[in-house]
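This document contains two forms of one protein chain, each encoded as structure tokens and listed individually as structure 1 and structure 2.
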Structure 1
């Protein structure tokens, strides 16, 4: 159906003079030239002019080209054929294999109602000491992994895929938003090589792709997860790397639409964009959706508006810090900002709860002592502070961990550590049992085994 003509073109926006007004926001339209089609999504309608966002490059587009409606809008495969496959943001397979489509669904699904949402769930162990100790998880949780550039978010996500997905025995979905294509391909290769691909569905809109691809891939990916939850009635693991990039691409689009930008150039619709996506990531009585969401912190600014918009939806957060990474301590977890809704005496027990508080008290004190020691030396510390100083350094080292996914880099074998062992070890360090040991023996080990 012919809708109208193009009357203006800029980098991320095409204006269409409508002859036919039967058109809605988020309808997909296309123009044809030299035998190829350029797709656009309608973003705004001002009287008889529609503003649309192109899916790809606009080079070569002209005024006067006819625009047609693409029936059905953006569709994603909605069947068992999604497993083991890789899709782009617009629902097309990109792994070079053919797809015999049996059923598809529009990617803009509605969010869940209050009565549909299920909040109970069992505890879920990740085998990563610092995560299970400071930010324990349960099924159906949304855990944010936050960090600035290059402090280890992606490594942590990959370790979680390794530890949780492999042990979980259920289907999972990975959504790559605005991250490196190299890492995306590596993930695919690794899953293929270790025969884990058949339970995984992947959607990619990586950083070299258009803003539209990066902005919409999350909807495509969520449609995959919803199929597994609603039709297969399964507990689903959802890995998203990286949620911030969706907001970033929205602000690129928003700027071109001429919207007033807020707070460091974010789009006006920042909060509603985030809610629309996050409210779809929930558990129902059919099955749970447990998500790990990597969140990039721009310019190392934890107070960033986009980061905070995402944080308000999460049940827990793990914050990675550059100052800790700088010291070679990985995962570079900032324990003071890492938390989980589960850390209450009722949920994790009094012992675990008490230990978390004690460790944080020690490490907070250590920060102060570090400054004193640098100036006055260790000799002038009281006995109590002397113990806190050395035990804190041991604790700090203890929460480093060799990862399975970095074996080739560190030369150390990965370790999966049970939470019971972590609690025993932490208790022993705090009690002074290991005061005579050298602190370096606590670095990059699993559970301590000192006889």
Structure 2
């Protein structure tokens, strides 16, 4: 259906003079030139002018081209053929393989109603000591992975894909928002080598692509997850890296539309943009969606408006700290800011709850003792503080872990550690059972052999 003509073209926006008003926000339209089609999404309608965001480059577009409605809107494959495949933000395969489409679905699905949402779920163990101890989770949880650049967020996500699938048995979806092309290829190759690719569907809106691609890939990826949950009735693992990039791309689009930006250049629709996505990540009686969402922290500022908007929807957070990473401690988890709403005596039991609090108490005291030792030396510590100092160092080292996805780089075999073993080990360290052991023996090991 013909809608009108292009009257203005810029890098991130195309203005269309409408002759047919039967058009809505988020409709997909296109113009034809030289045997190809250029697609745009309608973002705003001002009277007889529609402002649309192009899917890709606008090079070669010009005023006067006719614009037509693309029936059905933006579609994503909605069948078993999503597994083992890599899609772009607009539903097209980018893994070099053909796709015999059997069923598609519009990516702008409505959020679940209150009656459809199921919140009860079983405990979900990851085999990663620091996560299962300090930030335990259950099926259907939304967990944030926070940290600046280079602190290990992506490595932790890859390890979760590897570990949780082995114990979980269901399929996963990975959404790459603003990913480097190299990182996407690495993930694809690693999943292929691990024989996990056929259990995974991937959607990428890569760093070098348009803000439209980076903004919309999350909706395409959610459609993949909803197929597994609603049609296959599975418990789905959803990995998103990086949610902050979605917010950035939305701000770029808002600026191009002439909207006023607020608070560090974020869109005025920041809260509603985040809510629209997060409210689709839910569990039903058919299956659960457990999400791990990597969140970049600009300037390492946890008070950033975008970070706070995302955190308000999460059930817990895992914070990765650069200072810890600089000490060679991986995963570089900041235990003081890492948390889960599951950490209560009723949810995880009095023993686990008590040990978490005791470890945090030890590590907090260790930070104070470090300052004293730096000035006065270890000899001036009381026996109690001496024990706290060295047991804390053993605990700090114990929560490092050799990972399966880094075996080829470190030469250390990955370890999956049961939470029961972690509780036993922590209890033993706190009780003084290993006071005679050197702290280095606790670095990058799995469970300790209690002999």
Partner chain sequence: MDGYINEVVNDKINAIKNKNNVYELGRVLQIHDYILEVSGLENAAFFERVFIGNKAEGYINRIGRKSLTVVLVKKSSPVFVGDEVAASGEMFCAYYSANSIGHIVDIFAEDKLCNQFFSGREKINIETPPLPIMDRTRVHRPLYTGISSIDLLYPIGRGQRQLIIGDKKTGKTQIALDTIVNQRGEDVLCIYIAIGKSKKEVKEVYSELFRYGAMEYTIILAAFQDECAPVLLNTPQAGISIAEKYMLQGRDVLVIIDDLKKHADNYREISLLSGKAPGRDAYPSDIFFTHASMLEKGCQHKNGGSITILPIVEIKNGDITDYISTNIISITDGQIVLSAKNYERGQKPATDFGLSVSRLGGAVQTADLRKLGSIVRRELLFYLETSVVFELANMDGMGNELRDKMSRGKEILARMNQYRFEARTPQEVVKLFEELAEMRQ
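If you superpose the two forms and keep the largest set of C-alpha atoms that fall within 1.5 Å, you have the rigid core. Numbering follows the first chain given and starts at 1. Predicted model only: the values in this text are computed from it and were never measured.
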Legend entry - Structure, 1 versus 2, that is the form predicted on its own: 2
Inset, instruction - Note yes or no: does the Cα of residue 61 move by 2 Å or more between structure 1 and structure 2 after the core is superposed? - result: yes
